[in-house]
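Here are two versions of the same chain, shown separately as structure tokens and labelled structure 1 and structure 2.
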Structure 1
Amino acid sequence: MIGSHVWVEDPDDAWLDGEVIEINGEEIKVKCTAKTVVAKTSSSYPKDPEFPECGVDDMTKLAYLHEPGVLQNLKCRYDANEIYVMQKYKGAALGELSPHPFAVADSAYRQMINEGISQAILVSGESGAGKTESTKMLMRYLAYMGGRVSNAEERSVEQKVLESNPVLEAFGNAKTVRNNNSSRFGKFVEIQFDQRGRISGAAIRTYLLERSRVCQVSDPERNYHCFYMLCSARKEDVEKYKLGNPRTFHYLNQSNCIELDALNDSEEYIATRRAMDVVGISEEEQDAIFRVVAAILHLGNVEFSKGQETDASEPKNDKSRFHLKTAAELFICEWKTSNMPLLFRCDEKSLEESLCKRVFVTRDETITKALDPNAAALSRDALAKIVYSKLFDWLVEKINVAIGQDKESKFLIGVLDIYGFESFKTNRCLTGCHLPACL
């Protein structure tokens, strides 16, 4: 209708708003502030003439829930620069104040105290929607409500839970098309409380780590952050683990995306090591962890060619032999005080045999079959995936031991940061459909 206000798409500014001044069949002429544009009626959206100047605090209050409307509201809220403080939400009824994770956490905490029933909060949404960041806010609020006064030397349970995030994200997050810090695993954080509503313990349970990413990455995504961090580590560490430019490693160079604008890998390496200190992972254990990470990179560079026997394989050249030898050396880790079950003793020869041969055990005998180069490369990738996922499980276990669980706790609040999913125009995919991709 002539005179009505609409949004039209613009190649520079995404969306422009203006008044319809002419209608020609399927096309409309719209007078915007800086220019007059012609657009298709089907790709224009109505604009709410009564949209409040500072936006609305709840998107469901928008008169029109379409992309330009949501973006306009986000811009207004961002410009308003409103700071949300936890104190304000304490005791406020749900819906009384602007929607925020603090409001949900407060409601869960109060219901737990008043009704004596454990609570669970499910954080759901598309990849990049902000689930992990919201989960951190929920945990911060629960720590604020149920935290104990701790002495300066000993860190409290809630501090340890919050500080474990950078460690988990270094090993379980990666850059994807939608999110530079996408969680590639599901996480259920259980905060345990005593009778008086004070935090007495916590446990982190993770599931479905996307293993395939370890050896398969496509443009414009990246492998797990820890690989790039280690390649950009301090010089002595890079030399110790015989690393270098990430572009020289097969598990990283399948994608052209190596550096990220907003992420400094060498700073992240330092921050991750610091977070590991705080969580209670010793220097020795940290070294073992990064040896495994480096060994996986070297393993990925082992290529195979045809061996002497039929259908057999062997490392392709001196370069492959070097990486095989280095991987074997890095995998050997043993120390007196700790017992790290994921690490194993291995030497170059036995590593080569385990990749180039398959052993079948029958009731009466053991048969060894040689593998062709393609099958050997698949064995190599399978080993990389299993070692990485065991490393991740070990890290989670270690963090849990450091945090400490309260087996006698009266109630708990669980926060589920669900595995992110992508919403496609066609082939809509539910979280469960990711299962095969993670195996």
Structure 2
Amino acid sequence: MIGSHVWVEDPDDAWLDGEVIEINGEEIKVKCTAKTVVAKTSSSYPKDPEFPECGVDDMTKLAYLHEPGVLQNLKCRYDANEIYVMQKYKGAALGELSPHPFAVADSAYRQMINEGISQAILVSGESGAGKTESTKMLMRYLAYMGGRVSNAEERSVEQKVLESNPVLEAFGNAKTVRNNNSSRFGKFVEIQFDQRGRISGAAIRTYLLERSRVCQVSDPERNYHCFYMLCSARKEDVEKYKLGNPRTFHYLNQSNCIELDALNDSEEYIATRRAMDVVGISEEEQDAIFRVVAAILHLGNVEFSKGQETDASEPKNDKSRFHLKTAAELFICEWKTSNMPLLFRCDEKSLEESLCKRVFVTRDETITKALDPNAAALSRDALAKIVYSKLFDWLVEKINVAIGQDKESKFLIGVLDIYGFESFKTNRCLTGCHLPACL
């Protein structure tokens, strides 16, 4: 309608507001403050002419809940210096102040103390909605309420949990369509408290790691960050693990997205190694970790062709045999910690047999069946997924040892960070079904 106030997209300012002065079919002419623009009706959004100058403290109060409306409200509150501080939420009833993770955390803490019952907070939403950042805010507030360590040189439980984030993000996060750093696993953080309500320990539980992403990546997404980091590592590491351009690896080149503008994989590799030092992962263990990451990349480049026997398979060519041999060499590592082997020991021949043959153990005998090339490729991918999953589980266990759990804690507040869901024409099974499984 002519005279209506609307928002239209702008390449420089993202959104411009103005008044509709002309309508031509599916196009409208809008008079903005600095210029007049022509836009499609379908890409314009109504503007609230009665929008308060300082914005609103609750997004649900907006007359129009769309992107330009939300951004305008955030800008107004920022310009008015309407920031959130933990102190004002202490003891306030839920809903008494502006909505914020601090309010939810305070309510959970008060109910735990007053009722003597452990609490749980569920953080869910679409990919890129801010779940992980909200989880960090919740932990900050719980650390504020539960008290900090008295020794200035000793790190608090909250600090230890946050310091583990770069490691978990390197091995559990990836670029999706909507988010360049999307968590592809669920995380349940237990903040443990003693009888007086003081933090006594913490633990991280992970579940539903998206293992299929290791072998199958849709365009324009990426595999897990650690693969690209290692390919962009310092020269001596790249040579040691016999890596190179990520575009040469099957598990990475299924998507055209290799580099990210906002993420420097080389710098992230250094930051991840530094974070591993902080959480207590030794140099020897770090080498073993990245050996298995490199081995998985080489494993993905092993192709198969028909073998001499019926329905049998073998490495396709010399290139495939090189990657098979390299993967076997990288897998050779017997470092153990806490009576738990980090990697396993194998050689080229045994690795080839495990991919090209299947063994059935019956009550009376052991039967070995040759696999055709397609079945061998599936076996290869299955091995890559299970090895990566075991590596991720080991990292979480190592982080929990560094954080320090209190198995005799009186109460706990659990923060469940469900990884982001997305809706496409064709959904991955795990993405489409994980919510009912969790709830």
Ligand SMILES: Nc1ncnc2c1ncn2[C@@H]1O[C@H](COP(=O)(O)OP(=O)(O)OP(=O)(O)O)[C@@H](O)[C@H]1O
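This structure is a prediction, so every number in the text was calculated from the model and none was measured. Structure 1's sequence is the ruler for residue numbers, which start at 1. Throughout, rigid core stands for the largest set of C-alpha atoms superposing within 1.5 Å between the two forms.
Number of the structure representing the form predicted alone: Between the two, the form predicted alone is shown as structure 2, not structure 1.
Two-part rigid motion between the two structures - turning angle of the smaller part, in °: Rigid-body rotation of the smaller part between the two structures: 22 degrees.
Angstrom shift of the Cα atom of R196 between the two structures (superposition on rigid core): Here the C-alpha difference is 3.3 Å.
Distance moved by the D12 C-alpha between the two structures (core-aligned, Å): C-alpha shift for D12: 8.6 Å.
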